[in-house]
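In the block that follows, a single chain appears as C-alpha cells, in the form predicted on its own.
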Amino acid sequence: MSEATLERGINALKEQIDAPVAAFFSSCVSCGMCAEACLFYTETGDPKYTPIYKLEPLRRVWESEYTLVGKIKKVLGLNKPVTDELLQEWQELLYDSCTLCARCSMICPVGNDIVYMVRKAREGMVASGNSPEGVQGAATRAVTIGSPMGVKLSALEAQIRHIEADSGLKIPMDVEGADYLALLSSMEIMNFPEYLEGLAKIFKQAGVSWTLCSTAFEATNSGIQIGSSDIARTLVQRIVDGAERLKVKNVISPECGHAYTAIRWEGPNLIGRRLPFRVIHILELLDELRAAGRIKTKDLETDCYTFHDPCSIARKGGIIEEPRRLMNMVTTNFVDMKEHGKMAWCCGGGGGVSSNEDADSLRIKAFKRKRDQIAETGADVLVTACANCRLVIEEGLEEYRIELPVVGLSELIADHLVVDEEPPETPE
C-alpha cells in the first residue's frame, strides 16, 4: 500500500469519528461481555474475536486525534499509530468475523452500539484498500451491473417467463401507479425463484396491486456490507428513482436481512431526505393480509417446524411476532429455538461474510452455534425469511452432514393458501 492510500484510509477513519463513536469509546468499561455475544468468539474461544477489540484501528485514531491523553502520547512518541500492516491484519477481524448481527450491541451493559462502530471502521478499510476481494467484486457488480451476483434484467425476465409458463400466473413489470413495488435479491432470482412465484400466488389471492421495476429490482445493498456509504447511497437512490418513476405507494423489502436495513432504516439518511413511499418487509405485509382476512391457509403441517430469525429483520428491525403468527398459519407444531427473536444467534453469513471466500473456514466453525440451536428443537423442517440465511444454513448443514429441509416462509404460506375462484376486493 502506498503512503497516499494509507493516508486516505486514516483520514476516512478520522471522518467517521462522530459524537456517538467518541461517546462509545469513552464509556467502554472493557468488561468483555460482548465476546460472549459473538458466535465467532464462542465457537473458537479466540479472544481476538472479541467485538470491541475488532475496533482497535478506529480506537487508536480516536485516542490520538480527539483525546488529551492521546495527543500527549502522540507528541511524546508513545502512541500506537495505525499502519498498513495493522489494517491488513484487521481485515479478518472487521470482515471475516463480523456479520453486523448486532448481538454484541444488545449485550453491552453501557449501551454501546458496537456494530455502528464496525460500519464506521469499514469505511476506513475501504478507503485504504483493505476490504476483501470477494466483497469488493460484489460491490463493483452491484454498481455497474445492478446486482452483486451479476444478475441482469434478462435473467430476471427469463425466470418470469418460466414461472408464468409453469404456473399460469402473471408477474407484472413496470406498472405505473401500483400500490406495491416488490424488490428481490439476486439469490432469490437465481437460487430460490419459488419466492417470486409465491408472491405472485399470494398477491393474486389477496387482490394486491403490485409490480416489479426493470430499473430497480435488486434489493441487495453491497455498500452496507463493504462499508461504503457512497456505494450504499447509489444503490438506495436507484430504488428510490425506480419507485418514484412508477409512482408506487409502498416498497416491499424481500426475504433478505440487510436489504431491509439498507432501504428502510438507512435509506433516508443516505440520500438526505425522507422516502416518498412506505417501506415494508414482506413478512409485515403478509401479516397485514392475514389480519385483514385476505389470505387463509389449509392443510396445516403436523411435523415439527422451527424458525430462524434473520438478525437484520428481527433484532435490528423489530419483526419478531409477525413470522410467528404466520408460522401458525402453516403448522400445528411450531417450536421456537431457546434464544430467538431479538436475542437470536446469527447464521454466520451476514454482513458480507458469505460473499467473502477468505472467511469460509471460519464461517463453518461459527455455524456450530446455529447447528446446535436447531438440533435442540428436534425440528423436522427449518423455516427462515432471508435468502442469504437460507443458503448459508443449507451449506452449514451439508458441511456437518445434517439432512434437514430449509424453506422460506413466504413460499410456505403460498403453498398452503386456500385459493378462491375470485380474489377479494382491494380495500380503498
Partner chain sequence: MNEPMDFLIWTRGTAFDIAVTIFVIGVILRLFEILALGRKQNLAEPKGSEFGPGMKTILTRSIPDLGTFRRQPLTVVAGYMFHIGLLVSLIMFVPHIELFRATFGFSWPGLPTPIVDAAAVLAIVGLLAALWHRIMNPVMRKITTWEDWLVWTLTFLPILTGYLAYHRMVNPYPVILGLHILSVEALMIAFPFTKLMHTFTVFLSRWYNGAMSGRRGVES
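The shown structure was predicted, so the numbers you read here are calculated from the model rather than taken from an experiment. Numbering follows the first chain given and starts at 1.
In what follows, reference is made to the form predicted together with its partner chain, a form of this protein that is not presented.
None of His340, Lys316, Arg119, Lys201 but one reaches within 4.5 angstroms of its partner chain in the model of the complex through a heavy atom, and that residue is Lys316.
Taken together, Pro47, Trp62 and Arg369 are fully in contact with its partner chain in the model of the complex: each brings a heavy atom within 4.5 Å. The candidate stretches are 205-213, 111-119, 169-177, 352-360, and the one lying within 4.5 Å of its partner chain in the model of the complex by heavy atoms is 111-119. In the model of the complex, Leu86 stays away from its partner chain, with no heavy atom inside 4.5 Å. In the model of the complex, its partner chain lies farther than 4.5 Å from every heavy atom of Tyr400. Contact annotation: Glu284 falls within 4.5 Å of its partner chain in the model of the complex, judged by heavy atom distances. The shortest heavy atom separation between Pro405 and its partner chain in the model of the complex exceeds 4.5 Å. Scanning 12-34 for heavy atoms within 4.5 Å of its partner chain in the model of the complex gives Ile17, Asp18, Ala19, Pro20, Ala22, Ala23, Phe24, Ser26, Ser27, Cys28, Val29, Ser30, Cys31, Gly32, Met33 in sequence order.
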